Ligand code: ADP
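One chain comes next, on its own, written out as structure tokens in the form predicted alone.
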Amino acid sequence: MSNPFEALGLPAELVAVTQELGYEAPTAIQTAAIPPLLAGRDLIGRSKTGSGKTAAFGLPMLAQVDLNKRSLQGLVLCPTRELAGQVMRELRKLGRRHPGLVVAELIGGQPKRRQRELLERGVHLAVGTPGRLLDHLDHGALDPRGLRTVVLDEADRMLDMGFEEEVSSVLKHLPRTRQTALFSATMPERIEVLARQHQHNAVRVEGDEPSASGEAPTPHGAPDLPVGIRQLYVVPERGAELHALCAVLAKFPHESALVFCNFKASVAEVVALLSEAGLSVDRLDGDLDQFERDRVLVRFRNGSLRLLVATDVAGRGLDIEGLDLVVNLELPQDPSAYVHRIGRTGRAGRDGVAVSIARGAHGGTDRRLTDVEELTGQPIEALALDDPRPQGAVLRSLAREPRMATIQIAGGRRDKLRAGDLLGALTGEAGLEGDEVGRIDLRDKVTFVAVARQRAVAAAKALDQGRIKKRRFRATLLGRPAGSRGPAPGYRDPGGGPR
């Protein structure tokens, strides 16, 4: 019986390896990615963790290695040391029939000298984190001139952790004629920008269930809606709009939700109601200055804030993507604004839900809903809310802390800080695991880093009292710590600088 990996075009020794390792059949991402990678094409692969993507890029990379040349031919960038170690071990397993194959692990937390010595002796493949790879490239220890293929693994997580600058710098060191493969669980706009900058005519493949391709054209030049948004509306009793909002939040489980209002007064009313009930919520409206807006958005993007209540200042031009739920507490006067609002959800191949509270001023359904349907050419489905609980009980059921918390550090790019420096400090002195560190957002003079909420107080204290690149920076935990309704011990107003 023939091995199904043969049909993908792999050489015999690698087909034999798949059999030895017990691979019964290629996964979806392997079937889609291996043939174009073997053909030398640049590739963008959307695939979740656990889908077999390491073999999807590792097998073609090994198929092209020339073992007679002891020079770097394949490079894999990973967001964390832990993932780099997993990829390195997997490449060594897949390369078990490649006699003399040398795979280097180039990550922080290990002596640079030993890594340099290994590179001097010559390696065929290298796996590393952006900061350490850039360090070796800058100092000439890593010679990329013979490189054939570079892979960005979990690219969305790399950008979320603040490695965009380091990744771009690494890629600029590499030969322009290389093959570039990018694998990511989601495809936000920043990934698309990275692909346009560093890839040529890339083929796109999906590793999960295929997503719908294209969508029905909308009349009147209406803005496009992402595929996968379920649009609903509810018509509450007079005066029961806030109760309907609470019922909607309870009916659709979410990690993050955005609630739109037309007026700042409405925003304030909703935030007061939800925050008094202990929900993780903040506001975004025209009364906030730019720095306050930035802080709120950072916390919302990185999973430190579950609910954001906003006026249309958040409807256009802001990098808020991949929301589980958008609620229009008040429909906008301009139907195109509706499209911009709900376009915050249902992105990057994910499903999303958009619900509008659509009671008309004189009872019945708000006429603006019809304007929206005419503009988009898409029907909006009626929703029946059948939650019998009183509003207070519904709110209590929603009072759940977010997964992450945000630490603000009074230092940034102008202080020569890099994402890798902060990741090293958090996984070093602070003792966090790599998967307990989330998005790292580097600015010129300030940095925001998301960490697992249960470890946030200790992590902020370790950063505040420790040193980063031999300097001390004030570190402040934003928001409430886990299990508390008041400020954390030792909290202070963010500010200050290196000390």
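Don't overthink the numbering: it's just position in the shown sequence, from 1. Please read all numbers here as calculations on a predicted model, not as lab measurements.
There is another form of this protein, the form predicted together with this ligand, and it is not shown here; the text below is about that form.
Note that among 87-95, 231-239, 413-421, 135-143, the stretch whose heavy atoms approach this ligand to within 4.5 Å in the predicted complex is 87-95. Residue contact with this ligand in the predicted complex: Thr447 places no heavy atom within 4.5 Å of it.
This ligand is not drawn, but in the predicted complex it has no heavy atom within 4.5 Å of Arg472.
Not displayed here, this ligand is approached by Pro26 to within 4.5 Å at the level of heavy atoms in the predicted complex. Of the heavy atoms in Lys48, some are within 4.5 Å of this ligand in the predicted complex. Only one of Pro35, Gly466, Gly434, Gly52 lies close to this ligand in the predicted complex, with a heavy atom inside 4.5 Å, and it is Gly52. Note on Thr447 and Ala155: their C-alpha atoms are more widely spaced in the predicted complex, a change of at least 3 Å from this conformation.
Cα-Cα spacing of Asp156 to Leu284 is reduced in the predicted complex versus the present form (difference of at least 3 Å).
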